[in-house]
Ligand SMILES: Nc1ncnc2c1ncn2[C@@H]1O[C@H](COP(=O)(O)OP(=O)(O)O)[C@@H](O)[C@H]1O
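Coming up is one lone chain in structure tokens, specifically the form predicted alone.
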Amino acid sequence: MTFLLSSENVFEYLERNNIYTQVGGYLGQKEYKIALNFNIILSLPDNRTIIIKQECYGADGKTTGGFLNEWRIQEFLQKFPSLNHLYAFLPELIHFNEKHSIIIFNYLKEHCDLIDFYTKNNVFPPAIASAIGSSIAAFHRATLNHQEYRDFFSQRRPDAPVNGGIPYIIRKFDRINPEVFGQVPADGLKFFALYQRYESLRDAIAELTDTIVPYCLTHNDLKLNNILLHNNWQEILEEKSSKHSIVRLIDWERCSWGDPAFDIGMLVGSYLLLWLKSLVVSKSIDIEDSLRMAVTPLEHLQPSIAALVSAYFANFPEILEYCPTFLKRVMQFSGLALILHIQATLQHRKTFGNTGICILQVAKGLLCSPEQFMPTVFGSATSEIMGLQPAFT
């Protein structure tokens, strides 16, 4: 039998599960707001706030079990105390109900969405990107080639979702057939028509995804909107002895044992989208002119992208010995991230216009000519980043 949380029964649920003892005592009257996907935010009398999420049920009365991975991360750190330092980069989970796919976190009121910080202020301090690179490196380095950790994430129920990490959906559309016509909107067919013209692009994606070798814990959905930034990040950074992290990595629903280059590539792609989505596009404007007229110039983002990768290498230098072509793969995965963004846009907004064409062109360059696109991505820091990286093979 399905059970659906609502504003009417959420208080009863919290009390029945003794959650109120974990979040500060008697709940009393609360203010709440309901968002999509059964997200409920409750303000507590002790000035604390919790966020309650319940996954939607499908037509078959089941959920996809996406919250299971959110819980598995917490369970993972509980089982291996030597990894406790990673808690500083995670959301604060206080309750998980697998049967009804309900999960509850402490709502981090002192944090904001990083994407909101960037878009509202239109400033991109490299120190923030550096903190992100260090945080991701902490997870990758701590779990690198650790068989016991890998075994933990491979132990799943037979009916639990298996998140392979790297989406393979693009490979399904190498050829247009009647099935595709029924799955994509008209603008989607425009995208696939362009995509099919670039045999080199399809080959690059196939080679990239076919050479994946999972060897550490990966998030697999590291976009800027899945990162929280502390409101007092500047003060925290000034306190050299502070053990607080200025960023939190949230939404671990797709995590798996995977390829670390995919995590960094997804983030680089997310930064590039700040530039590409700000383009001034028109049929009367050449793509080259559109790129130069961006509301958020790429030059404003390049220092942050360079800081992200430099901090990652500084905190995880072993990766360059283990994978000599790591940076090349990062560039290619950033191109794949752009194509995945196009697909998501087609799925939700059903549109593929001039901006999408520009994004596809940049994605093609990153996937097919990663070394040549380094100056585009890193700007003046290209030589410094390349100096850290072994020669491409």
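This one's a predicted model, so the numbers in the text were calculated from it and none came from an experiment. The numbering used is simple: start at 1 and walk along the sequence shown.
Omitted from view is the form predicted together with this ligand, to which the following refers.
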All of Tyr107, Asp113 and Asn225 with a heavy atom within 4.5 Å of this ligand in the model of the complex: yes
Contact of Pro91 with this ligand in the model of the complex (heavy atom, 4.5 Å): yes
Exercise: Arg48 in contact with this ligand in the model of the complex, heavy atom 4.5 Å: no
4.5 Å heavy atom contact, Ile250 to this ligand in the model of the complex: yes
Heavy atom of Asn39 within 4.5 Å of this ligand in the model of the complex: yes
Among 324-332, 360-368, 347-355, 49-57, the region lying within 4.5 Å of this ligand in the model of the complex by heavy atom distance: 49-57
